[in-house]
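Read the single chain below, which is given as structure tokens and is the form predicted alone.
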């Protein structure tokens, strides 16, 4: 069966649930049983992913990854749980390493464990990641950059690999750096290169989930608020767009003059971080870099400001500096902490981690359906067509994005 044979083909208007028994309420994480509502939410999320469900039905039939060890480093969410179960139904042996423990979904962990899918949660006495990988001997990776780096440090692990997919721009940059250093001897396909991620999932998914997280966590009325978006890349563009649609007055901060011109053309104000913070009601860091809001910015933050990060690195906001400067820190629930600084309240969302995940569960299942389906197609491509690929970064085939987009349109009831 060729790669094309695994392309999803849900019927027009189909919203059929994946071919599986419903998630179990008996699953547990650390002795805790997920609530009935959490289980129902997981079941709903999988129902909203018809493209991945269609792929799952197809790979279940021929088991193209039978016996292949696949290690993944991703957010452990209801959506990635669906990806892991799809890969297991394809015959793979699995090890899932959480990208960020702050964004971990207990119901997803419980469901994966119920299905005998190993989730690598660190605990007392757990072995280092490289040792766990050495014992697991992965042949394929689906990565955020962590696993590729670990495998590059252990030559025998790199020698076992057929290839990898990477999910984010940060992971792609890690892969490029490894390739430039001569430490990437296997083919890697960056799913972030897909137009589905750059034009649909990241701007629409992250834009919506960030705004949803702000409202859900704090109850803020967005209309009329002054919002600062730091970074006007794909994610920042989507966040600014959604905040603007909710009638916020948006100011963009970016080191790129081109990005600032795009922001102006999109109807936003632009400014320097040091000059716009003092008037901000909301500050969202969307740069994907480290040390953006640091100790020198703390005196500029006004009373009542909502501060959060959606980038890959949790130290984009210097939380230790914020903690040292605070007279008192109060946990308010829902992923929100109040830091009292000389009589001013700064409300930090998500403890510096990706606030859309911590406070609202991340991007919608419907948008994640697109890129997670691409991961499946790319992993199958790495197994079936190795001669088509070269060590280092390989372009994601355009046909994969087109196929997934057409399948999604059909599932939504549109002619594709």
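Residue numbers count along the first chain shown, from 1. Note that the structure is predicted; figures quoted are calculated from it, not measured.
Omitted from view is the form predicted in complex with a small molecule, to which the following refers.
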Here the chain appears without its partner; judged in the predicted bound form, the stretch of 283 to 291, 136 to 144, 176 to 184, 318 to 326 with heavy atoms within 4.5 Å of the small molecule is 283 to 291
Q: Give a yes/no on whether residue 363 approaches the small molecule to within 4.5 Å in the predicted bound form, heavy atoms considered.
A: yes
Q. Do residue 244 and the small molecule come within 4.5 Å of each other in the predicted bound form, heavy atoms counted?
A. no
Any of the heavy atoms of residue 130 lying within 4.5 Å of the small molecule in the predicted bound form? no
- Query: Hey, in the predicted bound form, does residue 102 get a heavy atom within 4.5 angstroms of the small molecule?
  - Reply: no
The listed residue (330, 256, 221, 275) that reaches within 4.5 Å of the small molecule in the predicted bound form by any heavy atom is 256
